[in-house]
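Structure 1 and structure 2, given next as structure tokens, are two forms of the same protein chain, each shown alone.
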Structure 1
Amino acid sequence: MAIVMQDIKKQYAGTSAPVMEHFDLTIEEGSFTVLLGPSGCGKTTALRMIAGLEEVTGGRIFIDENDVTDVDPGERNIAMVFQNYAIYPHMTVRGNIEFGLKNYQIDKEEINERVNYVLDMTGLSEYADRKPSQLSGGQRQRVALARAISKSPKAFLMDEPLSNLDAKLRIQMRTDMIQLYNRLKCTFIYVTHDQTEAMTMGTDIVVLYKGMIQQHGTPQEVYNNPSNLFVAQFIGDPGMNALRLSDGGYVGFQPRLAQFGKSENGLNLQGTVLTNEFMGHDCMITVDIGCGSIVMRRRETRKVGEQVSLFIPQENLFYFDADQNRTGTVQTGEVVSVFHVDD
């Protein structure tokens, strides 16, 4: 199922400005597309408009070339999974899955086959007769997924489904989601503010900020070739360091590519170690360079308070113009300050 949002405008009643305008997005059939961005960027609004849960103020939405802008949610052949599970507490696992199918007037034998199939697929067979209160958070989320799968939709829409889970369980559920996508081979649209989820799960990432698409590409494209400073600083763990230059441009570098020492070919900086956080595989080291602080990720450790020299090879530097857009032109100004998009 391919989905196209064409020249979409969204404005809420009583507000002076739209939250989204001239918004165009094409989601390829069979992709695992992640809508990624900070709170308030428009990602959930976009998802809800695709689902039919939010009306569009202007523009059209197409699903498999059919205009569904004014079509009821139940007629769009999609299934939605929410972060709060939205399962019935008084019903068993089996009952929760069956309930939606009964509303579709499917015969009893087929319902039983579908329920058993999705219980097995999601690893819930032994919990079929339990109620949600007897399940863990991860198991309850599996129930929500099983219920969605049972409807055999052409697309799954997921609104931060893992945000209520603890860190260890989220990692496991990410793996489960990827395996589920590979088995079902249909379109997934997944909303998150967590760039780790986006990078590990998505085949396509759509980075949004203030109701606009900043970049749309594969995880590798978005990480290795950010189109602007917002994307560069939002993607990564942590995001890119960016330095404001006196000529009006910016130079950026990824924390893992900064090295201790000096070089004749690249950017040389000096500073004082502020923090040294052990991350297991490596260390996250914060260095005060006088006009602000930058972050490095290195296997070598440095003591807090130590004076250090560091450099970034020329080939690992990213340049941005005064409008914060990526440029191939090497900036030549002196470093003025450390820059963050929300400064």
Structure 2
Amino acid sequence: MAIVMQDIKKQYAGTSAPVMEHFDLTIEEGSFTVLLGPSGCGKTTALRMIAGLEEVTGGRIFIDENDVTDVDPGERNIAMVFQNYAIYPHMTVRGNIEFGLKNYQIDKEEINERVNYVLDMTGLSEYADRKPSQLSGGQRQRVALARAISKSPKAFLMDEPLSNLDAKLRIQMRTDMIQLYNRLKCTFIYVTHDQTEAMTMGTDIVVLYKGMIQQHGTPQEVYNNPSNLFVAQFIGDPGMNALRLSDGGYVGFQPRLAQFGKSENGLNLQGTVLTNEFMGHDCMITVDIGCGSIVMRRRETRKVGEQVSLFIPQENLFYFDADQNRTGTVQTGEVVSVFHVDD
């Protein structure tokens, strides 16, 4: 089922500027689409408009070719998993799952069948009669998932569902979520600002910034082929280094592809090592190149304060024009400064 947002405008009451305008997004049926972007870019807003929890100021939303712009949330055939779980605190785990089913006047036997099925699927069977206050954070999130699954929705909407869990549990749940997706094969729309989550789980990534779609593609496309400087710097761990050139363009490179030494064929830089952070597999090294500092990730280390030469092979350089859009044309000029999109 495709979900289409068409020329959406959203302005919150009492604010002076719209959060988004002329927003067009098509989410393919059966995709695991991740809305990714920094805080405040409008991810939650977009998701809530799809869910019907937030009214659109202009434009239309279609689910499966049906115009649902004015349809109640409960009638859109979608399920949502919230960041804070949002399970009903006074109902048992079973009660939480049953609640939604009862509202749709399904007969008792089917309710039971569905509840038992999802309890089993999420490994919650033995907790069925517990109250949420007697569950751990991870288990609560499972209840929220179970509740969503039980309705056999056309699409799952999730707003940072893992952000309240500790690091280990988050990785575990990430795997579970991927398995769930593979099993259900329905549309997932997942909001996060964590690009590792986006990269590992998504089949499609929509990078948002300031209420605008910067790029919509597979994780590989977004990582290897960023369409503008924002995406290049937002994606990656850390993102690309960018240097502003005297002719107006920009040149960028990934921290992993900068090497120590000199080369005829590539961009040569020189500087002083500022910090050297050990990351396990490799080191994150910050180098002051005079007009700012750049980051590289290498297995070999350098001492803090050491003078280093480094280069980036020509084939690993990315060029951006004066509007910060990706271009195939080699940009020329002297390096003026190190550049970051967000400042």
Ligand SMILES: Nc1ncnc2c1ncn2[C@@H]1O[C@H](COP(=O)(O)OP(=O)(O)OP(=O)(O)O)[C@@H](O)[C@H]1O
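Only the largest set of C-alpha atoms that superpose within 1.5 Å between the two forms is called the rigid core. Quick caveat, the model's predicted, so the values are computed rather than measured. Every residue number counts along structure 1's sequence, beginning with 1.
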property	result
Label of the structure corresponding to the form predicted in complex with this ligand	2
Core-aligned C-alpha movement of G328 between structure 1 and structure 2 reaching 2 Å	no
Backbone CA shift between structure 1 and structure 2, G14, after core fitting (angstrom)	2.6
